[in-house]
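The data below hold one chain only, encoded as structure tokens and taken in the form predicted on its own.
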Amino acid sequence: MKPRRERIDPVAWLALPAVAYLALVYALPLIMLLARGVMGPKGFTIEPLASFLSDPFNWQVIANTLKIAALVTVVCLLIGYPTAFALAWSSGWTQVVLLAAIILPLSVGVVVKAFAWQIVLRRDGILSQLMVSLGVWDEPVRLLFTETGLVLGAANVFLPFMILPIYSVVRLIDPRLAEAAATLGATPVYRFRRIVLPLTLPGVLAGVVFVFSLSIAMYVIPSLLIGDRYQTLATLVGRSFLFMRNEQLGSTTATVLLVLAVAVVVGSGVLARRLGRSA
């Protein structure tokens, strides 16, 4: 008896235009870009990658990229986690206002936000004046063109991408679970650690992946808030193509950046499956 062939679901064909579009305008140019980083006059070679990794400056650039991306992700998580609960537990006009405050900033361009943060972070900016009036600082401090200013500005831009995934998970949690645990004598800390936190981990993981992936590849925000003296992989790619006219270096740097981004996504997927099995 011949094995029965599985038929392709006809609904799957609806994704064909989107797949073709992404392959044409995204995948193909990306493959061509990455190919330049491993192609030399004699064909395939890893010499450009080996040369890139042998330069201590490039390792510092990688460290800068990972450091800023990690700090931005942590700041977004610390702010976004309780905000997601406030959004999920609110109702009526309060929830509408909170949703608008989170979603509407996404309609504003990154360049506009970055220039706005230049005004906020300068020595006579709003943040410096607020800290002095609160007695935190004795005199105004310039945060513009510093790592702190870059983290604050980037966290402001990427915060919605942390809040929304967590919110989508929190709103599905049955509040009666915590109430049932409370009736059995569980303390608030115990309820959060054993009930709420495990149930929200999928949203947290998705938010972390979104924010970290966006932070590791940001170009405009570092260029405007910290300048060329602080290089990340994304800014080095732009500098290589736009100013140095070194396509080999730009392609190699883009390859390293892509590997790091893919590693984050794959690692998060493995972690999510392990958490799902242990839950």
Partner chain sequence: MMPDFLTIAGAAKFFGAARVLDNVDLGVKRAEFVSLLGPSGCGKTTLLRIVAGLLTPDAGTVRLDNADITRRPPHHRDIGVVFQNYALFPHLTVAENVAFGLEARRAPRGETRAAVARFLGLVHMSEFADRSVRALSGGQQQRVAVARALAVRPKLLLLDEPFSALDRKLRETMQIELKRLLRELSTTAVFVTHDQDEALMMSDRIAVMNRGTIEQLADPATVYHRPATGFVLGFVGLSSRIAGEVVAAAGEEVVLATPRGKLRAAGTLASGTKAFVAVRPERIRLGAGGGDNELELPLRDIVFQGSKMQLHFDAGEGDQVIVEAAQLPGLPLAPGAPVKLSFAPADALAFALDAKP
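Residue numbers count along the first chain shown, from 1. Everything quoted here is computed from the prediction, not taken from an experiment.
Not pictured, yet referred to below: the form predicted together with its partner chain.
Heavy atoms within 4.5 Å of its partner chain in the predicted complex map, among the stretches 190-198, 127-135, 89-97, 143-151, onto 190-198 alone. For the chain shown alone, residue 184 is a contact residue for its partner chain in the predicted complex, at least one non-hydrogen atom being within 4.5 angstroms.
The closest non-hydrogen atom of residue 110 lies beyond 4.5 Å of its partner chain in the predicted complex.
In the predicted complex, its partner chain sits within 4.5 Å of a heavy atom belonging to residue 176. Its partner chain in the predicted complex comes within 4.5 Å of a heavy atom belonging to residue 180. Shown here without its partner chain, the chain has no residue in 211-225 lying with a heavy atom within 4.5 Å of that partner in the predicted complex.
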